[in-house]
Ligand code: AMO
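Here you get one chain, nothing else, as structure tokens; it is the form predicted on its own.
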Amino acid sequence: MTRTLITETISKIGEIVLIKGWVNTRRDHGKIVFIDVRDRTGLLQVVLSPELAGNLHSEDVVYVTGEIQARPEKLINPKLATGTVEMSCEKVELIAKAAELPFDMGKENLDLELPTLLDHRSLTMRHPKIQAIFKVQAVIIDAFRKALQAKDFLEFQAPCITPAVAEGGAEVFKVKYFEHEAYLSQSPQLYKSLLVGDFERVFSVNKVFRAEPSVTTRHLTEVVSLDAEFGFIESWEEVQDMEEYVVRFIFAEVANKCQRELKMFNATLPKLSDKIPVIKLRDAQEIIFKRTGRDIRQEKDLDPEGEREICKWSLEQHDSDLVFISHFLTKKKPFYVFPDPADPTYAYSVDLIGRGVEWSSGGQRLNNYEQILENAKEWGVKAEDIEMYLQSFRYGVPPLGGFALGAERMTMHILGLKNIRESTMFPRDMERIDVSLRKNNTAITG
């Protein structure tokens, strides 16, 4: 018999069908047993005898054959897509027996400590609320692709092993590459920039790696970076406008496709004004000083408390949960940033802050070969290590810019999750590769 997916059973009343899935829950009521069977499409209540039910329990893999029947009106479950029907079981095949579960998977919420949730990842990801996180994330990534494809961008895959450090600094993973030294990529920046000289508009969905010695609720060592770069721009503001278009497109797709998942988390999409407000870093720091008395006006960036405060200001003054921060210190950015001609101390760089956390970074890049070469030398980047990148600009690249969004952070702050590890299927940090590397985890801070 051909398999019937569970959501298809609604239209199969009176028919004998075969469903395949997992036992989600079991309820014994004397001479009748109820099991909810789960497949990728949903749940179906199955009614069977104790003899047929045997010792079935949660997460057993079963094939169940039976007649689909309409439920009595008073027993309809409006919370289930299949709540108007049930199966009267005729045959059960046990395909794979599950071991005794370490915790109750039948609850609406998995009330587990984060280490337990992550150490049993292959099991906890079977829970509908955990699955909802990654359904939302899949829509975010797919929407990013669709938004840029609609603007004639070409997707590419950047290498994860690189000969040089694009972003500067020491927060990189060194790898032994045969007889050579290489690095895990911090960013596909150099590759997407050089490809502007070939395809004009490109984007990538790439894993990137940061060896940040941080154990916080917002940092990971491996993340999904949604990168875009394009040429023939007139100013850095075109980059900001393109990013805003992409973010609005993503929100619209999530709103259209993820209402059930948003409801599960009592989540609302971030508020957006007609135009996301833009404010220079120094002006943002001045606002924070006036609002709180905290003086971070000489810092190179906003600290976490400053990011939260400027988002409060944006919501109060502009009715927007998102705000762009522009004009960071040139010397604190990578060698390829484009300095503001009016004050070269500051660069045409722009970050997007959403609900109190940085979601993206971007801006206009240098396209003059000689200036890039001079900057690389000043920043301590060896020309031979970025030869492929330099080669492109040696043969002419138009004015360009781009941005990179963090898929996990977007997911986290759309759903209101407390820790970025919750929005990562298999998180990597200082203390975890699949499972915890330490018996006593260091406390995760903000």
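One rule holds for the numbers: they count along the sequence shown, beginning at 1. All values reported here derive from a predicted model rather than from experimental measurement.
Although it is not shown, the form predicted together with aspartyl-adenosine-5'-monophosphate (AMO) is what the next lines describe.
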**OP:** Mind telling me which stretch in 210-218, 267-275, 113-121, 95-103 gets its heavy atoms within 4.5 Å of aspartyl-adenosine-5'-monophosphate (AMO) in the predicted bound form?
**Re:** 210-218
Original post:
Just to confirm, Lys192 within 4.5 Å of aspartyl-adenosine-5'-monophosphate (AMO) in the predicted bound form by heavy atoms?
Top reply: yes
Original post:
Is there any non-hydrogen atom of Ser326 lying within 4.5 Å of aspartyl-adenosine-5'-monophosphate (AMO) in the predicted bound form?
Top reply: no
Subject >> Contact test in the predicted bound form: Phe403 vs aspartyl-adenosine-5'-monophosphate (AMO), heavy atoms, 4.5 Å >> reply: yes
**OP:** Indicate whether Ser187 is a 4.5 Å heavy atom neighbour of aspartyl-adenosine-5'-monophosphate (AMO) in the predicted bound form.
**Re:** yes
Original post:
Phe153, Tyr346, Phe335, Trp359: which sits within 4.5 Å of aspartyl-adenosine-5'-monophosphate (AMO) in the predicted bound form by any heavy atom?
Top reply: Trp359
Original post:
Counting only heavy atoms, which residues in 70-106 are within 4.5 Å of aspartyl-adenosine-5'-monophosphate (AMO) in the predicted bound form?
Top reply: none
